[in-house]
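Read the single chain below, which is given as C-alpha cells and is the form predicted on its own.
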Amino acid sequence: MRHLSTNLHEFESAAELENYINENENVMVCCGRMGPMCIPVYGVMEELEEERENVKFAVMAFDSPEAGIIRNDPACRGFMGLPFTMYYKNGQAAHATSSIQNMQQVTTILDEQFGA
C-alpha cells in the first residue's frame, strides 16, 4: 500500500475511516497523492491540527483501492482535480471539495461546517 509522507493520521482501510468518522464529531479527510495540488492542503491541515481541537484531521492515499469510499462518494461526483477533501459531521458527509485549497478556503469551510 502506498503511504503519504505527512504528519497526519493516515487511513489504510475504508473500515478504519468509517470507524473514525463515527467516533469523532468533526473530521476532515484529504484523499490525495504526494503531488503539487495535494501537498499544500496537507500543510494547511498540519497547521490547523494544532489550532482546531474540535476537528480531527486525516489523510488517505487516493490510489489505494480502499479510498473508493471517498472517490465514489456522491459528494465527489464530477470532481476532476486532486485532492478530494471530505468534511464529515456526526458520521455523515457534510461538505466536499476538490483541487488545491489554501488556508483561508479551508478555515472558511471548517467554520461553516463545524463552527469557529
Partner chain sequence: MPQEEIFDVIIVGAGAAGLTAGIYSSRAKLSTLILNEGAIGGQMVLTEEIANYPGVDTKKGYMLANTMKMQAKQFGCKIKSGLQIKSYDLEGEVKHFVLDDGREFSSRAVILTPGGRPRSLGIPGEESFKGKGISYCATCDGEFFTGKEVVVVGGGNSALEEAVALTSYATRVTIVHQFDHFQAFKHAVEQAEKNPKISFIMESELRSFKGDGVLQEVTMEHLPKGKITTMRTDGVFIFAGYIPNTEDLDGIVELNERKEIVTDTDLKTNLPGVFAAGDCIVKKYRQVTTAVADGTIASLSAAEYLRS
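Here the structure is a predicted model, which is why all the values come from computation and not from measurement. Numbering follows the first chain given and starts at 1.
Missing here is the form predicted together with the partner chain; even so, the following discussion is about that form.
Visitor: Is residue 88 near the partner chain? Define near as a heavy atom within 4.5 Å, in the model of the complex.
Guide: So residue 88 does not count as contacting the partner chain.
Visitor: Is residue 93 close to the partner chain in the model of the complex, meaning a heavy atom pair under 4.5 Å apart or at it?
Guide: No, residue 93 sits far enough from the partner chain in the model of the complex that none of its heavy atoms falls within 4.5 Å.
Visitor: Test of understanding: in the model of the complex, would residue 36 fall inside 4.5 Å of the partner chain by heavy atoms?
Guide: Looking in the model of the complex, residue contacts with the partner chain include residue 36, since a heavy atom lies within 4.5 Å.
Visitor: Examine residue 100 and determine whether its closest non-hydrogen atom to the partner chain in the model of the complex is within 4.5 angstroms.
Guide: Answer yes; at least one heavy atom of residue 100 falls within 4.5 Å of the partner chain in the model of the complex.
Visitor: Would you check whether the partner chain, in the model of the complex, lies within 4.5 angstroms of a non-hydrogen atom from each of 47, 62 and 84?
Guide: Every residue of the candidate spot has a heavy atom within 4.5 Å of the partner chain in the model of the complex.
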